[in-house]
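Before any questions on binding or motion, here is one chain by itself as structure tokens, the form predicted on its own.
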């Protein structure tokens, strides 16, 4: 007869294998065998771990070979897959903690919760990755211990940075036709140079490709890009000329004569010009017509800039005043006395908050345009002939042949410059390149492109000014910008006024209308009940309906009066509470009371 343990082993192969029940006579044998198996078990466990690690390594190598792109050398990508995201950045975009799942919840609800958690985690990772591409702060130049950043030369910076950034520092030797004015277009990709002795050149300055080069055979006062890099304006000795990017003359506008300085308003398609005869003129580039011609009655206008926030033109005059103009008024909107001598240069930041001026009194002043009050005043030994503000708030000032860059001019008192550089010849034009840490300097010896870390805005709006746009994208943007063109009548000191309703003028118009018509068209007329058939329009029923409507109107009046009374009572109670609280407070003079 077989034991029950043997019977269990001899069962059919279909059944589940069951362990035979332990018997008391088998316990002694197991204890002896266990002692011998301990050492063997350890060896087997170690072998199994080694085999697993070897398999994992092989699997990883296969995945790398599958995912990683093979290079020319035949090696696979050493960093396959997406870049890891730091936990600190992930924590910044964390929305909520994980939801606790109770035991009694439905399985479908648990599935929905787990899926929403996966989606939120994925969006958190994506937001953290995008944040890596949009750094909040631009990198500035930082010196070592007891080292001033203004002592670091441009050559040292070019040697320390990468090859692409180092190529942005260069000099153009153009001493024959200088000094030069310059202008970068809105995308920061193209540069136009205008020499005093007639030399005009357009350059794709990043690739160093010359687009066109001409000599107009007369003196050039200023150059300015228009809405795109296909056209630019040149203020020549007599008249204003428009050229295309190939150097072909498109227009000669003889209404605009003796132009000294120009500014282009991109959202209004207006070219503002200041002339030697004291006229401020506006040209609509999209139509080709003169919008306004204002006689400022202040003499020669050779200091000009625009406020990018509200498209107001700032003009500096020889009597030390700065005036603000719009094409809608023949008189100046604001007149500010800024310097004791003549104004040499004016610059406004992109937010329209601060204005920086330099004058013949060798002072550099910072003004808050919102309150029209001075904030800071600095004394420069030689004065500043040219000023320019970058997108990140750096100020460049040229004194003779030295260009100095200042940082945080309006927030804290500045004792020394952030950077300094000497050029070959007196400076005639300064301009920061948009979206690049580059300052362009036009001087008597030609043109110099300086590296200024932290000057450009690192995050550009691809729908507004895209430095990498193609010809097709530029055409589409031009059509869209023309459709969204702002009319010159909307230019004002406070652009937020456009969204407000003028209640005073509305009431005045309503009163004029009432006087003209002889009655108030918005007044509520008397209730006239409709005629109803089948005996429902008897005199009694009509009177009842009239009284009902009158009672409803009376109820509305009573309701309003009750609400007004309640408000008055609340205000009185609050006043009583405040007076009681003040009376309960003890003062030092209470001891003199009888």
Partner chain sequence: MKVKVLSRNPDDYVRETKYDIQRVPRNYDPALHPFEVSREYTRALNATKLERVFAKPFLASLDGHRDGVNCMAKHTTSLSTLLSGSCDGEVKVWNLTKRECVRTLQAHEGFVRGMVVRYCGASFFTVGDDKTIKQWKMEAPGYGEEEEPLNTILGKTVFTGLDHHQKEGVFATCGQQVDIWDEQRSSPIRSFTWGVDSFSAVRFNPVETELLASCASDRSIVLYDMRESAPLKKVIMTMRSNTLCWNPMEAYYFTCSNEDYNLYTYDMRYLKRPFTVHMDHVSAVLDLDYSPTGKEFVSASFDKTIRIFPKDGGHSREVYHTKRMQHVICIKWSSDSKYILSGSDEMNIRLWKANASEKLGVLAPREKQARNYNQKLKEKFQHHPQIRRIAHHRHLPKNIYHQRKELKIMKEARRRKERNVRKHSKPGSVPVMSEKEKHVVTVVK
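Residue numbers count along the first chain shown, from 1. By rigid core we mean the largest C-alpha set that fits within 1.5 Å across both forms. Owing to the predicted nature of the structure, the values given are computational and were not obtained by experimental measurement.
We do not show the form predicted together with its partner chain, though everything after this point is about it.
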| item | value |
| --- | --- |
| In the predicted bound form, residue 414 touching its partner chain (heavy atom, 4.5 Å) | no |
| Distance check, residue 318 to its partner chain in the predicted bound form, heavy atom within 4.5 Å | no |
| Residue 463, heavy atom within 4.5 angstroms of its partner chain in the predicted bound form | yes |
| Its partner chain contact at residue 162 in the predicted bound form, heavy atom, 4.5 Å | yes |
| Among 228 to 236, 172 to 180, 354 to 362, 451 to 459, the region lying within 4.5 Å of its partner chain in the predicted bound form by heavy atom distance | 451 to 459 |
| Residue (of 125, 485, 376, 251) lying close to its partner chain in the predicted bound form, criterion heavy atoms within 4.5 Å | 485 |
| Partner-contacting position among 152, 304, 285, 220 - heavy atom within 4.5 Å of its partner chain in the predicted bound form | 152 |
| Sequence-ordered list of residues in 251 to 278 near its partner chain in the predicted bound form, where near means a heavy atom within 4.5 Å | 267, 268 |
| Rigid core fit then residue 89 CA moved by 2 Å or more between this form and the one not shown | yes |
| Threshold 2 Å Cα movement between this form and the one not shown at residue 479, rigid core reference | no |
| Cα displacement of residue 288 between this form and the one not shown reaching 2 Å, rigid core superposed | no |
| Direction of Cα pair change residue 88-residue 460 in the predicted bound form, magnitude 3 angstroms or more | closer |
